[in-house]
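Only one chain is shown below, in structure tokens, and it's the form predicted alone.
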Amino acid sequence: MGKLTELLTREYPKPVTLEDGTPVILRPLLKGDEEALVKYFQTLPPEDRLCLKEDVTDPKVIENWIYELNYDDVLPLIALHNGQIVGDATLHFSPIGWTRHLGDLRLTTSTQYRVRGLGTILVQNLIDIAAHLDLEQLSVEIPPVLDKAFYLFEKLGFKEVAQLKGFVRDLEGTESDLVLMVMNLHEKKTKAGKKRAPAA
């Protein structure tokens, strides 16, 4: 059993509670989640889909994701409430080459479950998984229109390293800037270790 498989088997499904007391279950995406995932993405506003590389409102796109589901390439972590998907966060790996120490995060949450801590919980779980797998750096791309997402990642320790002007173009052809944020996991571990070190 690989390191990631062992972790996922041990930790998930994981029951968590949002800030308002709502109970939610976190677990990796499964083959049987295709229909629920299609319904979830179809409820998201267009600006939320700017960071996603494909048109997630197209059922064929989701079908391909499910067919090619491989946690060693992409780990999708979903949040469920009453059996419905209400959040989706993904950790994209670079298993070979000069970027194999890096991971890329993407996050969406249902509009009805925002400002309740769901996004923070999902991202923190992926940060913990990345650290467990000894990744050194995580990145996330955010259009400025998603300012709440920017502050969420900033609160979790990500720092803005670049702003790419006119880098994103939506389905209507409208251009938008893109903010690149990065977290250094090695630096985070070092700081945590110092805080836990006993006084001399």
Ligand SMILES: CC(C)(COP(=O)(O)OP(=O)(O)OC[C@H]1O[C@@H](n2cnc3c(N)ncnc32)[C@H](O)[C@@H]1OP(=O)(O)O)[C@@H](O)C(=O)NCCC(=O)NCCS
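Since the structure is predicted, the reported quantities are computational estimates derived from the model, not experimental observations. A residue's number is simply how far along the shown sequence it sits, counting from 1.
One more form of this protein, predicted in complex with the named molecule, exists but is not displayed; see below.
Heavy atom within 4.5 Å of the named molecule in the model of the complex - the one residue of K159, K31, K165, K155 that qualifies
Comparing distances to the named molecule in the model of the complex, the residue within 4.5 Å is K155.
From the list I129, L91, I85, L107, which entry has a heavy atom within 4.5 Å of the named molecule in the model of the complex?
That would be L107.
Answer with yes or no whether Q124 is in contact with the named molecule in the model of the complex, where contact means some heavy atom within 4.5 Å.
Contact with the named molecule, no.
Can you work out whether Y113 and the named molecule are in contact in the model of the complex, taking contact to mean some heavy atom pair no more than 4.5 Å apart?
Taking the distances in the model of the complex, the answer for Y113 is yes, it comes within 4.5 Å of the named molecule.
Heavy atom to heavy atom, is V38 within 4.5 Å of the named molecule in the model of the complex?
Contact with the named molecule, no.
Please determine whether Y151 contacts the named molecule in the model of the complex, using a 4.5 Å cut-off between heavy atoms.
Flag for Y151 set to yes.
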